[in-house]
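Okay, so here's just one chain, in structure tokens, the form predicted alone.
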């Protein structure tokens, strides 16, 4: 039976297969992926697997893990897997002198000083944007059990009001700052770092650290040489969670917890690089996203958390997926004629039920969802957790099954594609495995779609234009609407 847009009717598929829930699910490393509510048949899924096998994925993975150039526009490898490996020097070209192991030990030792209280600092301000903020903040929010001596405050976007409010509540004698920037030239980060430097005054040298691939730039800014936590140039910003950029999250969580996060990610690396890749969470996510984007022509994908600890997962995946896959040309610089990245959105499930879910249920357009949760609550209010899980199951059912009613306004069409992703228990190791699996899913999609997932020239062009407009704005103060329109018009004509 076919539904809207010639897709299979999911309710009919359940009626045809008494074991559909088992047959269309995957269990790996404590994560259950249930994709039974997608309009997908067994033959259709085998076709997706065959497509992946024919794409050259095996050789692409060998090149990735072998340290070969996989980012041709910048002529770089992408060896972020080495940052979380037990032995980084095992990755060709990544670490011939075991420097990465030393760098990791340095930032984890520092983090433990903050966590234990040995540093003498009660607060740590982490300044970073994009990958220098999203991953560490997600991890800290998900895993924090409030046992650390230092509070961590996250500053990303340039917000003078928030900065002012924060500094009024902090004591410069007991506050440290981490400046996280790969290039140490990111304008939003340096503006705020300059403000913290002025606020700390003479304390800055002793109480400021930099996580960067450009140590000389950090030194020129005034960061002490022995307070620079380096990482390699080939570390992409959206993969920098595994580097010293994670020091503030590790400060909140402790060395042991962060080490478990790295171990979980390394386990995902082994699954994706090994012989059982076709049974990995990463490849399942990749081919299912391909099905949604290319076969169903779905322009968006929601990542909705029914465990509040994962509320920031959608934000993290926005950058990982859209910055990696939002490309318009293939590896031969030919214009693509098929769709690439979906628009990723997300948030807390029970919050979104009271805002956007009405449109997801009944509006004409269909927006696929991944609902994310955990079996174990991770807190001492199991009744609250049952409420979350009940709503998760209810929404997944209503999206897929719909509702039949004689009154048109009460009718729900159903057949809305929805997956459920469940952790047996959410901890550092399982979260590390999940995040690294999503990274590998994105890489697998880039191979299927023949695009470069490691550059971001659209982002760079925006930065270039912003520098030009900033100069023009400085020349036209105070600003009025007439001047604003003039500058806007000039930008379109230059």
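Residue numbers count along the first chain shown, from 1. All figures in this text were calculated on a predicted structure; none of them were measured in a lab.
The following text describes the form predicted in complex with 6-O-phosphono-beta-D-fructofuranose (F6P), which does not appear among the structures shown.
Residue-level contacts in the model of the complex: of 450, 62, 425, 463, one residue has a heavy atom within 4.5 Å of 6-O-phosphono-beta-D-fructofuranose (F6P), and it is 463. This chain is drawn without 6-O-phosphono-beta-D-fructofuranose (F6P); in the model of the complex, the residue among 104, 416, 238, 80 with a heavy atom within 4.5 Å of it is 238. Note on the interface: of 335-343, 177-185, 310-318, 196-204, the segment with non-hydrogen atoms within 4.5 angstroms of 6-O-phosphono-beta-D-fructofuranose (F6P) in the model of the complex is 177-185. Although the partner is absent here, residue 129 is a contact residue: one of its heavy atoms lies within 4.5 angstroms of 6-O-phosphono-beta-D-fructofuranose (F6P) in the model of the complex. In the model of the complex, 6-O-phosphono-beta-D-fructofuranose (F6P) lies farther than 4.5 Å from every heavy atom of residue 269.
Not displayed here, 6-O-phosphono-beta-D-fructofuranose (F6P) is approached by residue 323 to within 4.5 Å at the level of heavy atoms in the model of the complex. Interface membership of residue 53, defined by any non-hydrogen atom within 4.5 Å of 6-O-phosphono-beta-D-fructofuranose (F6P) in the model of the complex, is ruled out. Of all the residues from 454-474, those having a non-hydrogen atom no more than 4.5 Å from 6-O-phosphono-beta-D-fructofuranose (F6P) in the model of the complex are 456, 459, 463.
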